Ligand code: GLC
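So this first bit is one chain, no partners, the form predicted alone, shown in structure tokens.
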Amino acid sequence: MDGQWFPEPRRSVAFIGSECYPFVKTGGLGDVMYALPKALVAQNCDVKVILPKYRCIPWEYQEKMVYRGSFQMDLCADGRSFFVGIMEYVWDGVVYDFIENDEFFGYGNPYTNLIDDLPRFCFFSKAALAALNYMNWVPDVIHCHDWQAALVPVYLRTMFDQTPLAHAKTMLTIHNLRFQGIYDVRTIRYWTGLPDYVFNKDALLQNWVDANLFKGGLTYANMITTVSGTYAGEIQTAYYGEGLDAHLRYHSGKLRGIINGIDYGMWNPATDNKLAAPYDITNVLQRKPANKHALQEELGLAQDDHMFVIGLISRLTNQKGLDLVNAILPELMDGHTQIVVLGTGDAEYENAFRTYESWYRGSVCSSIMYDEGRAHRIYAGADALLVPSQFEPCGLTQLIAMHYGTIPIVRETGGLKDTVEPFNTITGWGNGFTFDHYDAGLLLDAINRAKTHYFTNRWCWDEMVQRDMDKDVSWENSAIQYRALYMELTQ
């Protein structure tokens, strides 16, 4: 930032991951890969982001990419080699280098199925390092994300240990431990060309017959981070550890948790041109009702200022706690409540929410799609946002909701527990409503507490709305913590 003094030396960081907004995004990882590098540039870091050049990247970005070079790279155990092209795009102080290979990235979406995805991400992990070597850019830290880039630390400590890159330290961030890149050893050994000694039970080997890419990366990385302090603790238990809890306990000395932030450029109710009535903390109480009214009108709900509107913006899967919502939704229909659902996912939930809409027309709207503009309007127009997840490494929806003055109702897990302080009726403090055990009755109780508060204690509710808007949920805090970890790694 202008005029800010940085007493510590500059650090250079290469981010390696499988998706990044606005080029390609399927979830929270895409947001992090975009927003964190930008925030780190403001913290005196040089940042390069390395991504696959998928065919699905919009042409408006592809046509501005500049060719940086190409080469052949050995990949497979039998010496089979592949073309690696490097295309560069610079934006907002961040350099984006795209790894080009039509055989791996010239079709379909970023993720297709494990059988096709494993070879392409084995290739991508090695090609990202080879591209850094080719460009002669040796970062202080190589920051890898999720299983798709988990082989980077393994390659760096084995096949690249005699190159200039060997000086770099590696950090591997767990965004969601459920997906690990597991397949039989023979196939992974062929596609990686890695030496036999990495296929042991302390590194890549799992169940004696499979190789686990994420597990290998966790072994070889100098530091492991995850996207909230609570999740860092949870994944060391059998319930949340997805089979890697013992491995993570063993490596717990290098495990840290840092909560994600949200991008205030993208999420700002004061400048949001998708809203009927933009607002800030000084006029939220006057202007939020206009956004509620516009939302009701857009979605065909009964237009009534006195309704309690609950938003649910989510992937429609079990992880997100939708079986709990399914179990209690009819009990919420009391003539004073409206529910707005936005998302796509498992057919059972898509169909269930469509059914509820037909049963409770005017009170329930199910938008089975993803619509960025509508998401913004739900954040602004709803009174509360529901996030009852079974597990939630960080969660961004509750952060966006708070920034938009919409009260979160969440389960106390992962990043939800770290960011939402339960409302205390005695002190009047807190910034949302929470429940602990994964139970439909407890979710119903949390919603009813919020509703009671909204209808009988509006002054206190309005105070909470302003308190949530005042809370700093930007990327700046997180970037400062990441920078401190980079310094710790490279002292």
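Every value quoted in this text rests on a predicted model; they were computed, and no experiment measured them. Each residue number is its position in the shown sequence, starting from 1.
Keep in mind that the form predicted together with the named molecule is not shown, yet the notes after this line are about it.
The closest non-hydrogen atom of Gln296 lies beyond 4.5 Å of the named molecule in the predicted bound form. With a 4.5 Å cutoff on heavy atoms, Ser366 does not count as touching the named molecule in the predicted bound form; it lies far away.
Mapping the unseen interface onto this chain, Leu396 counts among the residues with a heavy atom inside 4.5 Å of the named molecule in the predicted bound form. The named molecule is not drawn, but in the predicted bound form it has no heavy atom within 4.5 Å of Thr237. Taking the partner from elsewhere, no residue among Arg287, Asp383 and Ala450 has a non-hydrogen atom within 4.5 angstroms of the named molecule in the predicted bound form. The partner is not drawn, yet in the predicted bound form one stretch among 351 to 359, 300 to 308, 158 to 166, 173 to 181 has residues with heavy atoms inside 4.5 Å of the named molecule: 173 to 181. Site annotation in the predicted bound form: the residue of Arg120, Lys417, His403, Lys320 reaching within 4.5 Å of the named molecule with a heavy atom is Lys320. The partner is absent here, but in the predicted bound form a heavy atom of Asn260, alone among Thr337, Asn212, Thr230, Asn260, sits within 4.5 Å of the named molecule.
Along 281 to 305, not one residue places a heavy atom within 4.5 Å of the named molecule in the predicted bound form.
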